[in-house]
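Below, in structure tokens: the form predicted on its own, a single chain.
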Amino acid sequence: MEKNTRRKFMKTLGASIGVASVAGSSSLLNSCAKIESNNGDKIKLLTSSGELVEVDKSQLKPAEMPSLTEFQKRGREGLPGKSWVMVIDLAKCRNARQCMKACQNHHQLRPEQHHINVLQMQDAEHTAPYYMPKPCQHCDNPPCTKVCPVNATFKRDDGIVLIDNERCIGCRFCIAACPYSARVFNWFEPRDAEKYKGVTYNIEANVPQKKGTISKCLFSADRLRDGKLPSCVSACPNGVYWFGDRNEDAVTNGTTKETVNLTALLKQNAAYTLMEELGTKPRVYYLPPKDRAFPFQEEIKNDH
């Protein structure tokens, strides 16, 4: 077989793995969690999006996979100096549900499981309906972490709330404590369980999923470590999501790639958070649906 150049090899792997990954960097380690032999010449790489890619075995360089202990340690520490936030523009959501699909693919979720769900809302009888994506709010005062008896769910310094399913005992106290219904329980074997068999557990992706444990939105913490936007943010075709660092006071739109001042975006659009009266201090902000997706037609009543 003709020997490919390093550049051709990187093109074979594709954008989901990242150019900087060949030398055994964290990008490759996070994107390709398992190497599975196929035959004498080819091997399959399992990417973080749940897809298998086949490459020439001779083109791979040996790289040491982080151990479970290393994954858990850095997963709990987070990214130094960062303070992640999300802004959701309700005026732009058209229920494309690409955010949900990308999230399910990334986090090994079954069709009925959602880390983020798009709801149809209507505030009052005579107001127009609109769509509202609802992920975990990654609260600064999270009630879910306080009730866990084994420290399986925790909030790290960069603001993200994660779950360690190696510690989770499935008591579901956190589900009962969450006022946003943002957590799901793995009642059954996870999607593509056989394909993920033997993969080192990555706490920042909560993959492989495990039956009898809890799962939730993670802000795609593993992608953030690689300098990428969360899966849902990148997948949205309508520019609904902004994501960024509160310390830098800047957020980037997943569709347009435009970066704007966070404070100005929130103030100029009268942003709000869900159930602010609970004191949970969410890190997900909503911009009101000023230009709604549905034209409102007042019901015509016949008095005769």
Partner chain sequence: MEKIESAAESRKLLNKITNDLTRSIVKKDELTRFWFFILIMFVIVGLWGWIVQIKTGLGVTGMRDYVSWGMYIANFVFFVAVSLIGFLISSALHLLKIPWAKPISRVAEQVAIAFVALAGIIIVMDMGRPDRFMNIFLHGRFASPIIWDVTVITTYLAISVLLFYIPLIPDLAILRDKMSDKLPKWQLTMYKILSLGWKGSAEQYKTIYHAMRVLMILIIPVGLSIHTVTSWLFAATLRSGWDTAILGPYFVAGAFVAGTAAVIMVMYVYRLRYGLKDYFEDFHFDYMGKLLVFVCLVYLYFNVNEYLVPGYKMKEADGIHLNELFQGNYSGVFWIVQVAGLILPIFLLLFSYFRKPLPISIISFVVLIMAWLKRYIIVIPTLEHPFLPVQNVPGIFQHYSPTSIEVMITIFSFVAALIIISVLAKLFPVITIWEYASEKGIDKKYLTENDKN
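The term rigid core refers to the maximal set of C-alpha atoms that superpose within 1.5 Å between the two forms. These figures come from a predicted structure and were not determined experimentally. Numbering follows the first chain given and starts at 1.
What comes next is about the form predicted in complex with its partner chain, which is not displayed.
This chain appears without its partner; in the model of the complex, the one residue of 93, 178, 205, 232 with a heavy atom within 4.5 Å of its partner chain is 178.
A residue is said to contact a partner when one of its heavy atoms sits within 4.5 Å of a partner heavy atom; residue 143 meets this definition for its partner chain in the model of the complex. At the 4.5 Å threshold, heavy atoms of residue 168 reach its partner chain in the model of the complex. Taking non-hydrogen atoms only, residue 147 approaches its partner chain to within 4.5 angstroms in the model of the complex.
Taking the partner from the other structure, its partner chain in the model of the complex has no heavy atom within 4.5 Å of any heavy atom of residue 200. Along 192 to 218, a non-hydrogen atom within 4.5 Å of its partner chain in the model of the complex is carried by 210, 211, 212, 213, in order along the sequence. After superposition on the rigid core, the Cα of residue 112 moves by less than 2 Å between the shown form and the other one.
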